[in-house]
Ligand code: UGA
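As structure tokens, one chain now follows by itself in the form predicted on its own.
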């Protein structure tokens, strides 16, 4: 099938490379000429396991092509996927200006019978509004379908190839069947529904996972207050098959490009519909408070005042396996620590860019050298395996704040260091 993907961001590239691997002919439209040049060379513009190999394979085979001309990209396409940014607006709602601009750009150029697929996370009701807009401007024979993505950074390629489900929201069954055909070869249940429900499935899924993360952190804070060990508590809870172990590991709060934005967007969607989503408002409030609780631990470890102190920081990406800093709780911790008067010396295995108010160093040991407090902020496996005694010799102070509970407290204390975890 001839397929077009508009937007060579994270979702778009995984979608395009995955469809090319399934045997389709895919053209990507991307306005960033520098990114297109990188892709034409067979390289990935960002770190994601397996993506560079898929891109190179599709490019060499001729099943994956790139252009800066969106109109040229959709020529002869049976299906057009929109994988465009929907950033958080000032009021917490998703900003649809980029999506709307592209719809206006290509709407009149789509061939009758084309299926236009909204892959971006958009407010509930967007697919119907786009359909109405296209109908009003005289574009005939185009069916707008919602097909939300469920990709996690660090496992996006495997998430595409072995999805937990494929959600297709359409008001015309023939269009839904065409979209289902493009995913033939993937072993996953297909959920056929209307566009509004499909859009809500994405928001509800992310809101629930964010709530689980926040619940784990809230339980950790109670455990710490009463003297229980949250790791044992959550392990004991997780053996109940109704609960499970996933998404309840304590830490500095959820982050990334989706959870913070989507939870606020769903609160805004509910408010516009006349419902106050107080549960999710509480999740957002507790998550933001978690940042300050971790900084309070760092402050206590530094003797009660961070002014003039140096904090060695391990990790800046929002989670291990990615270089993504969007919505990173680690980056927020660094900002708050610097605002409290401390210097931040940080190391992350994947982050190379220079960042304001942060001194970037090249290793775990360099981050520890001369630091009054060592803070573990991202759960990179190499941090769990570091030589604690060697680190202790480099520290100016004697405190480790483990915001990811990566280390064994007994091992840290046996090295003569003080240990702060989350809920331990």
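Numbering follows the first chain given and starts at 1. Keep in mind that what you see is a predicted model, and the values were worked out from it rather than measured.
What comes next is about the form predicted in complex with the ligand, which is not displayed.
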### Query
Any idea which of 219-227, 177-185, 87-95, 203-211 reaches within 4.5 Å of the ligand in the model of the complex, heavy atoms considered?
203-211
### Task
Consider the chain as shown here, without its partner, and state which of 153, 348, 332, 199 has a heavy atom within 4.5 Å of the ligand in the model of the complex.
153
### Task
Counting non-hydrogen atoms within 4.5 angstroms of the ligand in the model of the complex, say which of 283, 248, 157, 167 makes the cut.
248
### Query
Is there a heavy atom of residue 258 lying 4.5 Å or less from a heavy atom of the ligand in the model of the complex?
yes
### Query
So in the model of the complex, does any heavy atom of residue 81 sit within 4.5 Å of the ligand?
no
### Query
Does any heavy atom of residue 299 come within 4.5 Å of a heavy atom of the ligand in the model of the complex?
no
### Query
Does the 4.5 Å heavy atom contact test between residue 319 and the ligand in the model of the complex come out positive?
yes
### Task
Select from 387-424 the residues with a non-hydrogen atom within 4.5 Å of the ligand in the model of the complex and write them out in sequence order.
404
